[in-house]
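This document starts with one chain, in the form predicted on its own, laid out as structure tokens.
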């Protein structure tokens, strides 16, 4: 029986493993991907300070620390079930059963689907898939593409694709339907754009974003949004245009772009065919929390954290004895926050309370310094889930 099994070898899982191994716990880290790093592997962007964040290098730093502590990491291992037993947990995997006294689930996040007509054609992919193919596998996703969905995630990855030399026509909204209604509403999308406008290379845009903090100003900005879009990194971002159809016979050949009202309704007669050979769909991220549900962990739906999250406290404990969670399964934030949360969980598992308190302060400091927040009310969301934990204390 292991002291602890960690599901997920992303930044949270690896950091937790390092903290556990510092206390000489018998640790096994498993991940279904062929190499450790999780979503961190695909990240490559320039910070507002001018420094580059290279996910592959950050992963290697964590791996070097883990390997120096003789950490057992197995990739290509999928977990499909978890049982609670008196001594701890049994983790069911494609490589057999794993018995462990304590269990950390750091399974990360998944992308939200944004269905639009034609989205099953070859050449249509999620924005995260494009990121991984470009930055990890070094595969050219196409010659010229378009991003459907305007949010913090898509803006960040679109910039990464540009840096890799990929030609993007623009970013635009999906056409409105019962599934995409929030992603297709210009006013709601504008709220998100304001949160990343401080990263724009144009001083004019950064200056304008300060005024857009006011709701009335944002309303006017949507109403009078430029027909040609607002350029960021030389690429038009449209919130009054939507992609109503992806066209092609055997693969993507073009998209149909239409003008929309401030409420996201199509304006008839505005159809325009845009020739592209690939389409990236971006619906944002949600916590990948099914495994915590399988084992019986209680949940709360908290919009500010990105969806349903396992109930947990600040040191990443759930109400189930010996079960911990860390990273994006607890709410959508940056890899830096996930990494810091993993350290908290690791020290909590190892019962190093003095180190837990210091690590918790580090999480707060990283969150405060974050240049981008996927959800603006993240601190309120964290407060809600921590209060929920008290109901089980």
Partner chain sequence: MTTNRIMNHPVLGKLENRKTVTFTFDGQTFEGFEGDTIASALLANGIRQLRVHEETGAPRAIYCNIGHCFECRVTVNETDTVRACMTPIQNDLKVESGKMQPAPFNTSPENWPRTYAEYEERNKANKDGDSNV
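Residue numbers count along the first chain shown, from 1. What you see is a predicted model, and the numbers here were worked out from it, not measured in a lab.
Just so you know, the form predicted together with its partner chain exists too; it's not on screen, but the next bit is about it.
Peer 1: Is it the case that 167, 169 and 271 all touch its partner chain in the model of the complex, with a non-hydrogen atom of each within 4.5 angstroms?
Peer 2: The answer is no: none of the three residues contacts the partner (heavy atom, 4.5 Å cut-off).
Peer 1: Consider residue 139 of the chain shown here, and say whether it contacts its partner chain in the model of the complex, taking contact as heavy atoms within 4.5 Å.
Peer 2: Yes - in the model of the complex, heavy atoms of residue 139 and its partner chain come within 4.5 Å of each other.
Peer 1: Is residue 233 close to its partner chain in the model of the complex, meaning a heavy atom pair under 4.5 Å apart or at it?
Peer 2: No, no contact at 4.5 Å.
Peer 1: Residue 123 versus its partner chain, in the model of the complex: is there a non-hydrogen atom within 4.5 Å?
Peer 2: Within the cut-off, so yes.
Peer 1: Might residue 277 be said to contact its partner chain in the model of the complex, defining contact as any heavy atom within 4.5 Å?
Peer 2: Contact check for residue 277: yes, within 4.5 Å of its partner chain in the model of the complex.
Peer 1: What stretch, of 115-123, 98-106, 312-320, 258-266, brings heavy atoms to within 4.5 Å of its partner chain in the model of the complex?
Peer 2: That would be stretch 115-123.
Peer 1: Which one, 220, 90, 295, 132, lies within 4.5 Å of its partner chain in the model of the complex by heavy atoms?
Peer 2: Result of the distance check: 132.
Peer 1: If you check 143, 227, 80, 181 against its partner chain in the model of the complex, which one has a heavy atom within 4.5 Å?
Peer 2: Flagged contact: 143.
Peer 1: Which residues within 247-263 place at least one heavy atom within 4.5 Å of its partner chain in the model of the complex?
Peer 2: Read in sequence order, the residues that approach its partner chain (within 4.5 Å, in the model of the complex) are 249, 250.
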